[in-house]
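So this first bit is one chain, no partners, the form predicted alone, shown in structure tokens.
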């Protein structure tokens, strides 16, 4: 038995089987159970080490060959599998509480398996094709059944698709790059095409306009999933390039380009968030800034930059999914997320409003919340590299905080309706209360995630050392 069979092909088969089951509750529990089992299996089952069960001995191999192409999942990939499938399980739970469509379950599982395949395939340039297939599969997840595809969905599909030919063409050029001096003339061409590919793939300014547009066209839980998984895999794909090609990793201007791109992302996102009047678009701008934070982290040379990059993943995941859950609960009874429509909703949905504010402030790095420890470390390292960069970081953070304060003011505004009533059901109250505790505990005790985070950089032969 091979690791790709367990964590890629078996869940793919389950995704197809679940898709044809009409019972929503059964589908939800199957999705939660399958993702939880896969996360536990990644934690407990050793790869390339015999596992003795009485008289039986089982060895999970690393490689599966299909049509001459290899899928490799080694023991160094297990922390990433734990992260992906446990996060998927958390998203399933939030989707169920939010009352999202049960069709989210098979699509989410299929997208995860496709993107894990993209990270596992060799030659790894085939990852671009698998990522594009995952983008295609995500369209039914994002499209509203009641409305035709909007501008946001069309731009999302267009920009993500445009990334593929640039990355593939750069990979074709890179195959000719060796240590020979006569072939080094290809490097600049390959670097340009590769950079353009990742600009589209990671939705780097100005090709991120689809995010706020799509936010108003689709369910918040579906949006949160796509804005979580695609940038994460896109960054990991980019790290594989850095890890495999020394000339990219040691390029003199790479750190400057990454840092400038990251600062541009967070400053533009912070300014737009400060003046935003729609809760859905506000969440999209926060994710735009998270992409910028990741770029800045990777601009820091040495292992500390990679450590900060991985440290951003877990707080971002919890804050984003909880934010989407709370927003889904409020939008379930409201036709719009405009400030004028949700005014005073905090007096009716106090638990959901609390999660929206705390998740917002966590992504801004407010003290005592989940995002604070890693944001503090990132700001400190950026200050060492560039004082001007640290000042821009502060300005962007203030912009996001201003958006959160304005959101808080709108949600707690007293309307013409008298009294204070709680319309969330008991499950929503209990779940959102746990979410509040989780965001606070992660901020006070960030070391609980250290065992997983310390192992994630080991996926890379050079960057993680």
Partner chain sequence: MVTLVASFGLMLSRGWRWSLSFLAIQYLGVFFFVQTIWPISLAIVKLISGLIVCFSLATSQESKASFSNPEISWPQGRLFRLLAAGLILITTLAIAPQASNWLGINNPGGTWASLLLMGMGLLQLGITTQPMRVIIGLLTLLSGFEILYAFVESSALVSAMLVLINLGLPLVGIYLLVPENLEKTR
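Residue numbers count along the first chain shown, from 1. Bear in mind the structure is a predicted one, so any value in this text is a computation, not a measurement.
Only in words, not in the display: the form predicted in complex with the partner chain, which the text now covers.
K.L.:
Looking at 293-301, 129-137, 279-287, 334-342, which stretch has residues with any non-hydrogen atom within 4.5 Å of the partner chain in the model of the complex?
P.N.:
Single hit among the candidates: 129-137.
K.L.:
Find the only residue in 124, 193, 272, 245 having a heavy atom within 4.5 Å of the partner chain in the model of the complex.
P.N.:
Contact with the partner chain in the model of the complex is made by 193 alone.
K.L.:
Which residue, 226, 81, 236, 153, has a heavy atom that falls within 4.5 Å of the partner chain in the model of the complex?
P.N.:
So the residue touching the partner chain in the model of the complex, by this definition, is 153.
K.L.:
Residues 161, 165 and 172 are flagged as a possible site; in the model of the complex, is every one of them within 4.5 Å of the partner chain by some non-hydrogen atom?
P.N.:
So, yes: the whole triplet contacts the partner chain.
K.L.:
Heavy atoms within 4.5 Å of the partner chain in the model of the complex: does residue 249 have any?
P.N.:
No.
K.L.:
Does residue 69 make contact with the partner chain in the model of the complex, using a 4.5 Å heavy atom cut-off?
P.N.:
So residue 69 counts as contacting the partner chain.
K.L.:
State yes or no: in the model of the complex, is some non-hydrogen atom of residue 144 no more than 4.5 angstroms from a non-hydrogen atom of the partner chain?
P.N.:
Yes - in the model of the complex, heavy atoms of residue 144 and the partner chain come within 4.5 Å of each other.
K.L.:
Would you classify residue 9 as touching the partner chain in the model of the complex, given a 4.5 Å non-hydrogen atom cut-off?
P.N.:
Result no; residue 9 lies far from the partner chain in the model of the complex.
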